Every structure is written in C-alpha cells, then in structure tokens.
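Form predicted alone, single chain, as structure tokens, below.
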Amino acid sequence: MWEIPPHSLYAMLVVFGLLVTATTCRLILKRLKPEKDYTELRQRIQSWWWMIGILFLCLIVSRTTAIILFAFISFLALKEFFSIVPTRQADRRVLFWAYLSIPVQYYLVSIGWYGLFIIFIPVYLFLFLPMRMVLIGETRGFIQSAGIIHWAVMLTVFCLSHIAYLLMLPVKNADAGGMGLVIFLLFMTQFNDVCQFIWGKLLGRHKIIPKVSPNKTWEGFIGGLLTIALVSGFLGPFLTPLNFRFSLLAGLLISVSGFIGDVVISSIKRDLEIKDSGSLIPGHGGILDRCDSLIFTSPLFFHYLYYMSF
C-alpha cells in the first residue's frame, strides 16, 4: 500500500460523506412517503457505494492495482459494446486482437511509455485490424465492420486508458499526487451529469437535441456548465497542479465534453433501439451508460493537463 496524499484523502472522505448523505435522504424519503417505490434510487445509491468503494480501495492499495482496475473496466466496456453492436461472424478472430489491445495499452501505461501509448491504438492497431480482416477473405460488410471494431477500441480502451495514465504523470501537487488527478476527473465528470440533470429539471424549457436526448435542455447544459466551472475553479488547485483560472477552464472542458460523450452514446443506443447498454450495474444500466461522459472527458482533460502543467 502506498501513502495517500492528504488532499486525496480529504476528497475521499468528502465523497463518502456525500454517499452517507444520499443514503440518509433515501431512508427519510421512504419513511415520509412509504407508498412510493424507491427501488431504483436504492439500487443507484448501493451501486455507487460499490463502485466508489472498489475504486478507492484499488487506488489505496497500489498504482498497479488501480491500473489493472481501469484495464478491467475497459474490457467490460469493450465486451458490452460488441454485445450490443452487430459484428460479422467472420470477425471473431479479429475481435481477439481488439481484446488483446487492452493488456498492451495498459502495459504501456504501467511503464510510462507515453510516446507509444499515444499512438499504439490510433496508428498501429488502426492499420493492423483491417489487414487481419483482409486475410480472412470476407469482403461483404468490410467497411462497416472495420469502422465498428476500431471505433469500439478507441472509445473503450484508448480513451478510458487516459484515466490510468494520470497516475503515471510527474507529481506537481505533492498534497494530491496522481490519485488526486483521478479523483478530480471522475468526480467532476459525474457531478457534471448531476448538475445538468438538476438544472434541466428546475429550469429546462428549450431542448438541445430532442431526437437524440429529449431531456437535454439548454438551461440544464448552461446551468451545469457554469456550476462545474465554478466548482472546478476552487477544487482544481486542491487536487491538481492547476491554478484557479486554469482549473476553471478545465471545468468548462469537462462539462462540454461530458455532455458530448453522453449524447454520442445516447445516439448509439437510439440507433440500436435500446434503452440501456446493459444491466451490469443495478440502477444505472451497463458499463457504457456509466462511462459515456468519461469516454470524452478523459483524453481531453488528460491532454489539457499535460500541456498546461508538464
């Protein structure tokens, strides 16, 4: 077990405090209105306890354990993607290489080989997969299949692996460490979803993309954007090397990109005519339902932080 930086420890305690508050509120609601069904709310909160507990435990045990956890999340996300998006029977041997990219990508993370980490999937795997498909000899549906497989790996492995690489960056804020960067990104991304939902419920009138996500409104988006920017401005210097101004900009980036990730995955589900990407996480749906915003916020925040601080 490695030492927990004090600011990261405080952040963990605050998150657990929020979970205790949410659990208490649900119990109070159940007592005040026993006729209402709070099963879904209970499942969502219980799932958050499990997800956050496992995440924090892995972060505390060791950096390697945390990297393995994120690799496993990428595996679950990629597996779920291939379970909902149709692929050709002939591509089963190609999918093997797609899955094999997970241990390779996260091994590059673990040794801190940034140069190869950043091009392995976008360049080398991008060129290798269609070559392997050609050797199978099936041309019907070739373009569609090549696009689906590589895009799936980009979303679920390449993008999400940037979360793990935050742990490998040189420590510029000793009180938070790499652990603080991960907590900041995950918290701000998920808090952005909550803020946009709440502002949309309170003030939502004008829909942004009604054909894709009817519940998304300009009021919710802008309210969430301003809230996340402000919270990020104050929280960033505590958990990252960024000062108030650059933390505020990071909040804007996370809010906008998190919204885009949400609606992109929603577009996939609407195209496939499904409500959730899976049922792995009770009350939340599938792993893609929970990671949709992170798929976009992770690489964008990583590179913003990388070029602003390192």
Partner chain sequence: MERVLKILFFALIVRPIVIIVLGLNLRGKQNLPVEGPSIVVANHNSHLDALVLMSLYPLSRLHKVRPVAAADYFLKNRYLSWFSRNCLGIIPIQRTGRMRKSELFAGCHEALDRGEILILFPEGSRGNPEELSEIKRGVYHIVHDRSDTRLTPVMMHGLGRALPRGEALLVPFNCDVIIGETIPDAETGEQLVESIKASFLDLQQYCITCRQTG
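These numbers come from a predicted model, not from an experiment. Numbering follows the first chain given and starts at 1.
The form predicted in complex with the partner chain exists for this protein as well; it is not shown, and the discussion that follows is about that form.
Contact with the partner chain in the model of the complex, judged by any heavy atom within 4.5 Å, is made by just one of Y124, W113, F72, F234: F72. Screening M154, I84, L226, I208 for any heavy atom within 4.5 Å of the partner chain in the model of the complex leaves a single hit, I84. Although the partner chain is omitted here, in the model of the complex none of L186, D193 and H284 has a heavy atom within 4.5 Å of it. Picking from 171-179, 115-123, 88-96, 155-163 the stretch near the partner chain in the model of the complex, with a 4.5 Å limit on heavy atoms, gives 88-96. For the chain shown alone, D276 is a contact residue for the partner chain in the model of the complex, at least one non-hydrogen atom being within 4.5 angstroms. In the model of the complex, at least one heavy atom of L272 sits within 4.5 Å of a heavy atom of the partner chain. With a 4.5 Å cutoff on heavy atoms, K79 counts as touching the partner chain in the model of the complex.
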